[in-house]
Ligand code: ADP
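The chain below stands alone, shown as structure tokens; this is the form predicted alone.
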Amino acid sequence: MAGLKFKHIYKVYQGGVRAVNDFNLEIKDKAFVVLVGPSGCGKSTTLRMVAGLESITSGQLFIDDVMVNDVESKNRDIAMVFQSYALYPHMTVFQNMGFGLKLRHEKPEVIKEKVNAAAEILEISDLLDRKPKELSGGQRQRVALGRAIVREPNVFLLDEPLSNLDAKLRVQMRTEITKLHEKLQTTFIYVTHDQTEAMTMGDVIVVMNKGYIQQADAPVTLFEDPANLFVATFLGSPQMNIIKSSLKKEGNKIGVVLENVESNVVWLREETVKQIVNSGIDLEKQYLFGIRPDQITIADKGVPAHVEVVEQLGDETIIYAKIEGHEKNVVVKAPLLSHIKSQDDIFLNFSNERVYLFDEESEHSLIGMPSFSKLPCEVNKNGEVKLGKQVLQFDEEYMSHLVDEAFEGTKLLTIKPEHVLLEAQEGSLPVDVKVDFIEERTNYDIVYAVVEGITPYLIFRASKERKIKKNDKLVVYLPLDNTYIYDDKENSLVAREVAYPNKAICKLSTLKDGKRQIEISKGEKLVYDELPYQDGEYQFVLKQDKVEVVFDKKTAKYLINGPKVQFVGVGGGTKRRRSKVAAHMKAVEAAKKERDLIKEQYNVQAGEILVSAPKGKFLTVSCYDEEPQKDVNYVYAQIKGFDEYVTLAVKNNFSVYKMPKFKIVVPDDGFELLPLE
């Protein structure tokens, strides 16, 4: 059996196309983990990297604590079930199931024993002599599963195995696969785009979008406490109602004004008001208010609404109604209501027990269990962290990953609520807190705790067995692996790679014309009008966030204009001419899309790209990896004369996967000269 660990996994295809971004996940032995998300979100690519069918661009993948990045697929002890059954049509079911064992040169009696055992588990013993064409879709899928079972792998990988089946058969096979996992007691990783499959099958669901993990947790947790707007609207049927809203304060009360219409007010409960005030949420901003359809009821008074459509679904009623100012319908899910008809005018009561508020820009959840706890702190270069009235201590390993900006002024110590520990763990930071209040959830309690000297709550989960009470004084622990320092723009200041100090030995001299020249080892030279240093040898320290990327004219022209399409001659008959013209137009359209994508990625418009640098003020850079943040990109690169790679913080519209070699401008304030140690 095996557990898996993903550490900063990236998959970037040729041309800089990012399929998977900074994928971090730990899968416990015998877990059933479901990767779910829309088409193109990177879930199948992730699965294929586990299988060894796709290479890993950067990061580390461990199976049973062994790094397998360079281990061949056949040696990873995994079995994969594909969306297409991939059965050999000329072989019987028995031969299909035993084929992999035959290739391993297993003895015939061993093959027979394992195939018969798997067939019995899957209840297909009576089908072993049939060919695939004689089987139904469900039977073929069982054979594909059987072929994986006979290998007795440590990890099962299933890539949308039920997508080719009809709805009724999918429900049946979901149950069968869940039972199979319980029987085999091994690790399952299952990919689907169907949220119902995900919610009913997985112990842990990993929600992905655009190559990023949005949230990974138990199904009920994702439903009750979505980390962001995407998770909130992706899971749940009917979908969560999202309404643009503002906040209104009257005395000690705060209400949500739906679509800024004064008659559409939902007053929040006391605990939610405390969280809003404590978290410093700006009452003047616009937010996105979320509420699930089953938290809205029909009432005698409340928010006025006009019924558009009524769906009677046997034991429940789905109502689609309009409220003033809201373009979309508000969806209400209620027990069977026969008296509500289309075109009725009604009142809606919005329960305040389970409501959500999302930031309009970042789309993070702000109330209930938020995406992160963010506590103001100050970090010095000795590793001391001032957190309110407490001082914590980062270790050397953590400090080696902090970029220079982390030491400048007040930053945010950031941790997800699920990562806060109630027991000491090696490499964790102890923090004294006092419990202000608690909210109950299905599987745990959410604790809102105060760190002395800090206004925002430290919010974390606690098991119900702990029986934590209001005003309890606790020591909680922040594991360094999951604790980050952020700036106020949500850029992490903890780099994935070691952030070396960008140092090189240099020689400073005065040229004949009076200008000052810095010669870095191995020939890189920089020239400046004047510098406040005497001639001699120094340590040259390149500042991480002061440099700017430079493009040559040819590259800049490509970035601005994109690829060109050469028109090919159209000799031959009318049919052939039409075919070639159609192919050319298709290529032109594809080139236009690529050009638009380039412009969007680099934020390029004519005249807005730096194509040259002041003579003598640039260095040649060769990159090998990058770590994009919200509006900066940490680039890991080689520059001649620097013993270790350098870490540069450049604009996030630049990707080294499109431009691995380039030049950087080093302005007058982009470096320091220090005495040799």
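Everything numeric in this text was worked out from a predicted model, so none of it was measured. When you see a residue number, it is the position in the sequence shown, counting from 1.
What comes next is about the form predicted in complex with adenosine-5'-diphosphate, which is not displayed.
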Exercise. In the predicted complex, does I9 have a heavy atom within 4.5 Å of adenosine-5'-diphosphate?
Worked result: no
Exercise. Counting only non-hydrogen atoms and a 4.5 angstroms cut-off, does P38 reach adenosine-5'-diphosphate in the predicted complex?
Worked result: yes
Exercise. So in the predicted complex, does A19 come within 4.5 Å of adenosine-5'-diphosphate, heavy atom to heavy atom?
Worked result: yes
For this session: Would you check, heavy atoms only and a 4.5 Å threshold, whether T647 touches adenosine-5'-diphosphate in the predicted complex?
Result: no
Exercise. In the predicted complex, which of 629 to 637, 56 to 64, 39 to 47, 616 to 624 comes within 4.5 Å of adenosine-5'-diphosphate (heavy atoms)?
Worked result: 39 to 47
